[in-house]
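The form predicted alone is given below as one chain in structure tokens.
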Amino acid sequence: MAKASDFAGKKDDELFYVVEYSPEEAERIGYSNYSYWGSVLRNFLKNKIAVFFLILFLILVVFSFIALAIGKYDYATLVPDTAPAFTTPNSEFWFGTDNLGRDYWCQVWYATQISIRLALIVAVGECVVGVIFGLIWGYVRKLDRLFTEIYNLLDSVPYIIYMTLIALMVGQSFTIMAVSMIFIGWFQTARRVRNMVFMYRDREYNLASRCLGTPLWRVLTKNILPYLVSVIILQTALNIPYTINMESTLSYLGLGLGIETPSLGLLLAKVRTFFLDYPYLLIFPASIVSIISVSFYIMGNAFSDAADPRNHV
């Protein structure tokens, strides 16, 4: 410890020195290397089951492309007449053949690509549209009555009726189904977002932002949206298996993508009359649908918990 005698006889310039001012360093006061998304990733990786299903899903997607590349036949062409119908899996036809003698391997993996692509497009589309309208619905009170009546009107009619009318009046194709499912399904996401916005709308920091004249879009994107990340992620993840299951149901009823666009739902629909005698025609597509559904259910819940702001205090 320094004593008073140590400073005796020294000049002022020996005792004191001027510290240079640096604006950059001043701004770093209280700076932390904390990263929200980095923390989300670390928390997600701690869930070993979710990581396993993530890897399983990625392997499934990558293998669907590899499987078509190594397949001996094309999904759209008939196998030569030497191939009989209902051939059980063997070294020539790895998944067997269907009722028309077509290679089932290429059909299943091409249908997997179509179904996953449709599910991702619909899930992301419903998320974007639903979040935008949900934020406005929950924050702007003057529009609450209007959006509530629209929601009640759309929700009062069964989903299958909408898709039946669209299939009969507009047609059946990949684009038509994707747009239709987004148009019909966005209000479910919007409803959940609206309920969450109500919880944060009148918090003190939002009231202060409004008093300071902060633009509406900035209040929604900076003050409220970050608190909804976990809910949005979970809803989007659950929409993916829901879309695949709904497409399978619609295809089973003849309202799906159309016979020219194979999908997992269409394959399941075609084998409903003879899968008891030839169960392999059901096992392969049903197993893939089950893997996708379980994977996104578990990954969605794990990622939602990891992204919850309450877990990042």
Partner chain sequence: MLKYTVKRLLQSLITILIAVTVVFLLMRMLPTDYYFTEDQLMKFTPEQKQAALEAAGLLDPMGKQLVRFYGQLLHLDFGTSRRIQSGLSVVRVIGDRMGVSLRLGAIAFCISWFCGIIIGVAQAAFKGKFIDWLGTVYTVLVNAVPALVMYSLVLVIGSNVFGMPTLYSTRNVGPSSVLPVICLSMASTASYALWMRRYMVDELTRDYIKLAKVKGLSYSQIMFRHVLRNALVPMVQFMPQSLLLTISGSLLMERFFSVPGMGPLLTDAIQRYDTSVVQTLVMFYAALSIVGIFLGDLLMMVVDPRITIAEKGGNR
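Positions refer to the first chain, counted from 1. Being a predicted model, the structure only gives us computed values, none of them experimental.
Here the subject shifts to the form predicted together with its partner chain, a form of this protein not shown in this document.
- Here is the short version: of 208, 161, 199, 146, the single residue with a heavy atom within 4.5 Å of its partner chain in the predicted bound form is 161.
- The listed set 261, 47, 39, 249 contains one residue whose heavy atoms approach its partner chain in the predicted bound form to within 4.5 Å, identified as 249.
- Although the partner is absent here, residue 268 is a contact residue: one of its heavy atoms lies within 4.5 angstroms of its partner chain in the predicted bound form.
- Within 4.5 Å of any heavy atom of its partner chain in the predicted bound form lies no heavy atom of residue 257.
- Its partner chain in the predicted bound form comes within 4.5 Å of no heavy atom belonging to residue 302.
- Using a 4.5 angstroms threshold between heavy atoms, residue 56 stays clear of its partner chain in the predicted bound form.
- Highlighted residues 62, 65 and 195: none comes within 4.5 Å of its partner chain in the predicted bound form, counting any heavy atom.
- Across the options 239-247, 111-119, 124-132, 218-226, residues that bring heavy atoms within 4.5 Å of its partner chain in the predicted bound form belong to 239-247.
- Shown without its partner, the chain has 162, 164, 165, 168, 169, 191 in segment 162-200 as residues with a non-hydrogen atom within 4.5 angstroms of its partner chain in the predicted bound form.
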